[in-house]
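Given as structure tokens, the chain that follows is alone and in the form predicted on its own.
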């Protein structure tokens, strides 16, 4: 900082210039985030000073968080679920494993999860000291149930299933994982950070949430397909005791305990999430997902017309195209056309996430550019 500060006009001009370095979402096919809904962006501004870390000071915003948890619970087939709004999937996954650990007596705890699980679980293992045992996948890129069974031992404290894998958008067989969890008296966490606002609105029904008896907790991110502002993640538990296992004493705040991982939490994101969920409702979100799935089918059809094939038939709005050299292609798409795409690892493919900021004209342009390079 300089001594006298800079004029507001100069600061804003500098920021506008720097923001031009950000990639506009219209050139992004790699991200699971998108532009927030206008109502979410507007409401966010009105709650900037609110801090859910000290809820007694912000009783109105605290009521909004309770309402959001209820709305998420209804979406996930358990209106009386408990939990809180986190910063996103990483925090929620860390907290779910912490709850497993805090409720166990094992001195060398391990958790069995798919090899397709998000990298946040690597952070979780490092932070908690819980061993992360990766089960292999089946040919459809869902977790292999036999592999899960073979990795369980007397120190296993829980299982993880993914409802919308980050790389391929696949949904693990949560019902089978639930049976295993119940047979072995294990905690079952479902990471639906992306899928939580997609799967309920697909034409095909999937049993993946609290509708499945053995599911203990769920990660769901409103700031992805929920169209809320960043940071807005969600962590829901079936049983209040699991949330309470995370609590610590907070003697100098307006509440006696706190169960979240972070202390300060954005009330603005809470209000934004409430606003967009109330505004869109189930029918509104159905239209959003229908549009994304229509664009997904359009992308797959156009890719096949240009000689490309998919690794799996898309389950949701994530498409993975088979390519000989996807990493090199990823670089060229960026350097020559400004497209941001990503690459999966096993098997390697070009990964495309079809979010609401896209349209069929953008997809056609992308496919033409892709065909010119492949």
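All of these numbers come straight from a predicted model, not from anything done at the bench. Positions refer to the first chain, counted from 1.
The form predicted together with a small molecule is left out here; the points below concern that form.
Student: Please determine, with the chain shown alone, which of 159-167, 287-295, 254-262, 136-144 has non-hydrogen atoms within 4.5 Å of the small molecule in the predicted bound form.
Tutor: Of the options given, it is 159-167.
Student: With the small molecule left out of view, choose which of 73, 214, 89, 267 has a non-hydrogen atom within 4.5 angstroms of it in the predicted bound form.
Tutor: Only one option qualifies, and that one is 89.
Student: Looking at 32, 323, 343, 39, which is the one with a non-hydrogen atom within 4.5 Å of the small molecule in the predicted bound form?
Tutor: Selected residue: 32.
Student: Heavy atoms within 4.5 Å of the small molecule in the predicted bound form: does residue 97 have any?
Tutor: Residue 97: no, not in contact with the small molecule in the predicted bound form.
Student: Contact between residue 228 and the small molecule in the predicted bound form at 4.5 Å, heavy atoms?
Tutor: Close contact is absent here: in the predicted bound form, residue 228 is far from the small molecule, nothing within 4.5 Å, heavy atoms only.
Student: Can residue 224 be called a contact residue for the small molecule in the predicted bound form at 4.5 Å between heavy atoms?
Tutor: Flag for residue 224 set to yes.
Student: Residue 193: heavy atom within 4.5 Å of the small molecule in the predicted bound form?
Tutor: Yes, residue 193 sits close enough to the small molecule in the predicted bound form that at least one of its heavy atoms falls within 4.5 Å.
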